[in-house]
Structure formats: structure tokens, C-alpha cells
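Only one chain is included here, represented as C-alpha cells and corresponding to the form predicted on its own.
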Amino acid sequence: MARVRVRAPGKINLVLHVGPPEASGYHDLVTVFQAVDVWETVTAEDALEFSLTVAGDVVLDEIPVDGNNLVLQAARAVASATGHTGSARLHIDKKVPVGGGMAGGSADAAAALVAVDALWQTNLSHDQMRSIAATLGSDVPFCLEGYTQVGRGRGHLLERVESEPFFWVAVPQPLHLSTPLVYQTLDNLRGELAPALPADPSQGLLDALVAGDAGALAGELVNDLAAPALSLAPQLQGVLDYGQQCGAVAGMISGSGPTCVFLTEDPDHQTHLLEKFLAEGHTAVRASSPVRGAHRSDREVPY
């Protein structure tokens, strides 16, 4: 097998509850991930040494192409786990906003795991794949799985829940927010008053997902990282306000930001809101959810 192409989805956190910091510096989470059809695509080919190139429709300046990139880390992790002695030439086609809270780097890693496993025919089990994914980053197991999942621990302990389709407009921002800094700012804002984590997402959220009820879902959206993101980038409030003025069912910061995402009623409403943002000079992306996780795309009709 000379070449394998795999794609993996970006994500939205419908709910993101963040617990107090642990001694390790990590925070326990209770989150609800939903995979969106904004795809990262990784192509892997046999090569004499590991290498990585990147292209795409988003700003690429901050993406490393050395060993700091999760794609190369993922490929080497598979080689290490399986004893494979070969290498791979890897290429990323990026569509998920970079550093935008939608897990583009994690999607790249998930896609790379599937790609090199298929390329090298190392036949990792699903459990082995998930175990490697968890060592690469908190969101990588979700990007591997896709659909709608409750995430616990650092977000890597997943439990699938059912959901009807929902329709979003994602509005990336021309700035970068460091995820560790957003978490640190949350801790500073809270001081000693970090609330206890809920055991589970609300029943209202789960009911809204099963019913496909955008209005009900709007009232259940929670992001504990919104306040620190807004304190670091107050201009995001203007984007959220504009979305509300244009009739979004709800608007929120995606994950640690700075991408803002807006819930709409249906595809027609989605198109209307997308056009409003584009007319105002924003970058805006149509996104629908939920979708499948990382999978071979060289065997299927284009999505």
C-alpha cells in the first residue's frame, strides 16, 4: 500500500465544565463533544524518513512541521507500539481554524494514527488506537471516535450519546489564545471558589440532543472557559453580540477560543447567518454535526 488518505473532524464543546486544578496542573472536565463536518485530511506515504508538509485554507504560520507536530508524534507512536521500522511522508490539508478551540491539531493526530496504521498494515486494535490517542492529547480520542460523546477526566474518557443533526456557523478570529493561558486565567478568576464538577451533563441537554431541538439546546450550552477567554480577548464579545443581533439561536466561544460558534435552526437559517457574517467582513464557516470520527477517505465518495 503506497498511499493512504484519512480525514478527521473538528469539534464543538456543547458543554464544558472545568474542575479545580490538580497537583499535576491538569483539570478534570465534564464536557459534551460534538464532531462537526469541518475536516482535517492527512495523507501518508511510505518514505525513507519521517517528514511533514502542510497546506490549507487557514492561517498556517504557527504550525510546526518538525517533531513538535502531533502528526509526526502520532506516526512515531504507532511505530514504537508495533515495532514497525519504516517511516512515512505525511501531509496535512487543514480546514479547521488553527488555535481556535476546535481541535484541529487533535484531528490531525487522530487522522495520522489511522493513516499510518493502514499504510503499514500494523493492525492496531480499536483499544490500542484509543490508548495511543490518549497519550497524544486530551481531544485526540474524541477526534478518533467522533459523533457526540460525554468526555470526563481530561476529556479522554468517552461515553457516546445520541443526537439528531444540528447546524452551526463557526467564525474564526485573527488572533491566537493559548489554551494553558486560558486555563490559568480561569484559575486566577476563580481563586479558591472553583465549583464542584457535575457528575453528568444535564438531562435537559441530553433530551434536546435526542429531539434535535435547537431552541432547547441553546439553553443548555455552557462553557466555563468563556469568561477567561473574554478577559484575554474582550473583542470576542462584539462577535457574539453581532451573531445574536443577526438572529442566531445561540452563540458561544468554542472550547478555549477564540473561534465563536453560532447555533442555527436549520440549513436555511444557517445560510442566512453565514451570509450576514461574510457581508460584515468576517471569515465564517458552515458546520453541521454530529459526524463520524477519523476514517479512510480514499475509499469513499467525497463528502
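Residue positions are given as counts along the sequence shown, with the first one as 1. The shown structure was predicted, so the numbers you read here are calculated from the model rather than taken from an experiment.
The protein also exists as the form predicted together with a small molecule; that form is not presented, and the subsequent description refers to it.
Within 4.5 Å of the small molecule in the predicted complex, a heavy atom is found for none of Q173, Y242 and H282. For the options R130, R190, R89, R154, the one in contact with the small molecule in the predicted complex, meaning a heavy atom within 4.5 Å, is R154. Taking L29, A250, V58, V54 one by one, only a single residue has any non-hydrogen atom within 4.5 Å of the small molecule in the predicted complex, and it is L29.
Only one listed stretch (74-82, 206-214, 229-237, 177-185) carries heavy atoms within 4.5 Å of the small molecule in the predicted complex, and that stretch is 177-185.
Put simply, S138 is close to the small molecule in the predicted complex: some heavy atom of it is within 4.5 Å.
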